[in-house]
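Okay, so we've got the same protein chain twice, two forms, each given alone as structure tokens, structure 1 and structure 2.
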Structure 1
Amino acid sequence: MAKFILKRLAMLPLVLLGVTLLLFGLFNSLSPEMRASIYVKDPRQLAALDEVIRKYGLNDPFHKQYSRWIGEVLSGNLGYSETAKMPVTEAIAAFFPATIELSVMAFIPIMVLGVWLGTVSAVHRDKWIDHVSRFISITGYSLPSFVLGLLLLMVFYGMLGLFPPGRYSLASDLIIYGGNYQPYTGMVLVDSLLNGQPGVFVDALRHLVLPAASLTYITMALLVRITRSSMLEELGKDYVRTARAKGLPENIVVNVHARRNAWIPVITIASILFVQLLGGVLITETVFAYPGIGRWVAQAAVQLDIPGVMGVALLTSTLFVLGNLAADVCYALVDPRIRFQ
């Protein structure tokens, strides 16, 4: 297993190299004039296009431009984001912790409820709980996330005033930027506890409830369907019938024997879903005015903030590779029959 993990980690630079070549190739497919116009914000400065092309070497051969750019990336310089008004690395450090916080808060109920509903639905096939589970999965899979988000805001914030949008309230903002608060991780829930501010923790948790609930309902639908189909396949196999014939309790048959063998496709989907959450959930973050990385990269894309878009693309690519590695390791932990040579 250790050898397998080291091999996969050794492949990470090759994967990132391919991603950087693809990203830079797409950007380089634009003409030098079009790329130079990104740096010329005032139409009256169009005469400066030639100067920008010369300054940044936009007419150089592809390999020279790429080597120059990748050298900056490897040195930690991802460029300057005009949207965030700061270097891209600082922007990622500022927005990514919020997305991590939201992703974790959503992923825990996604896993717990998704696996439970899928298992119960398979065990009680074609009964009322199965119909309810399929209704939840179908509506969650087909319901647009912005519609669900607006409905949740209308009911729980507009009518009941319980869970506001944003990341925290003005009172918490005054504490966080008051001078004595130390942002150790950038995640408000963690930092508030480390700073001994339970009021900020509760306030941030209230702001996370609605976006996390929206993501849970939308994202959980796929996991429920995968778990149900995988469990139905396992429950129909000979070893399950043998276990029941031996008189084993039904909960042992389902939870110990069948569900463990049904984990492989569930782990695959779960790893993909978690990385997608970490990569930014644009619509949810926009609807709930949540300052995560998805909302920022959407603004960067609209304003042709190329360094910001490429920086997030590199981050997401790295997360997908690491997510696949974590899934492979979980395969072997769940099923000892799996051996990576």
Structure 2
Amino acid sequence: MAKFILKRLAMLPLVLLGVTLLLFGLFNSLSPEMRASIYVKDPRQLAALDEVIRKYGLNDPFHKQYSRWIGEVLSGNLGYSETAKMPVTEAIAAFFPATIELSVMAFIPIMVLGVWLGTVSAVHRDKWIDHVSRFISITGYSLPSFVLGLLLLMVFYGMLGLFPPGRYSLASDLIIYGGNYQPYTGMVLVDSLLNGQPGVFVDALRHLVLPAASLTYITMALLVRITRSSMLEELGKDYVRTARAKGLPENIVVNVHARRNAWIPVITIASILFVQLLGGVLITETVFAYPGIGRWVAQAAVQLDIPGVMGVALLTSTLFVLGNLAADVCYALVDPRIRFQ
């Protein structure tokens, strides 16, 4: 197993090389003037265009620009992101904890609700409960995320004043920067408790409710669907029939026998899903003005902030490879029949 993990980890540099070459190549298909647009943002600076191109070496041949970039990366410098207004490494450290927080807060209800609804659907296949639960999940899956986000904001912030956008309010802001607050992890929910600030914790939680709810509603369908079909498959198998025939109570058949085996595809999807959430929930973060990786990379990509996009790409691709690896390991733990090749 250790050998398998090492072998898979050895693939990581290769994937990263491919990803960065691909993105760098895409960006470099643009003219130097276009790539200079991130530095020349105002008509007043038009005259300096050539000098800016020279300063950042935007006119150099592709291999030269790429090797310069990769040389810097290997020496630990990911460059400066003009959209984040800080060095890329600093930006990742600043935005990633926020995204982790949001992802976890969305992931838990997605899993719980998704698996629950999926199981209910499968057990009561083609009954009205099945239809209702599938309908609920499928409507979420069919809504454009920004429409849902804006509607939630309208009702819960605009009309009820309950859940504000952003990450925390002015009052928490004053505490966090008040001097007696140690940002241990960068995750407000964790830090506030470590610092003994329940008020900040509740405040941060309030800010997370809407984006997390919106993500849950939109993504849950995927898990409902997978759990349902996977459960159906298991319920149709001989051993379940035997168990039923033996007169075991239905809930034991469902919860102990079938569900255990139905977990395998659910785990794959779940791990991919979690990595996707971490990789940036662009639209949701943008709508809720939530300062995470997604909002940053959306701006970086649109404004041709090349160092920013490359930095996020390195991060998310690494997460992807590790996430897949984790899923495979989980497989083996759940199902001992699976052998590592």
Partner chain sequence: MSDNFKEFAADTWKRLKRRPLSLVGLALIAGFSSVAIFAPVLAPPEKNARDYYLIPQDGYSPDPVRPSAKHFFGTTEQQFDLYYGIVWGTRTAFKIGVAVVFVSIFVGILIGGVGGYYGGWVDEVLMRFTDVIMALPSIILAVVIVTVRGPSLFNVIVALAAVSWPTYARLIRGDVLSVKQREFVLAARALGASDRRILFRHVIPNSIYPVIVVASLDTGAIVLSAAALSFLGLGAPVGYADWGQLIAMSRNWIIGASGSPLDYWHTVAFPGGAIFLFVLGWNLLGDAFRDILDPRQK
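For the two forms, the rigid core is made up of the largest set of C-alpha atoms that agree within 1.5 Å on superposition. Numbers follow structure 1, counted from its first residue as 1. Just so it is clear, the structure is predicted and the values come from calculations on it, not from any experiment.
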Form predicted together with the partner chain - structure 1 or 2:
2
My question is whether residue 57 is one of the residues whose C-alpha shifts by 2 Å or more between the two structures, given a fit on the rigid core.
yes
Core superposition between the two structures, C-alpha change of residue 30 at least 2 Å:
yes
Through how many degrees does the small rigid part swing between the two structures?
10
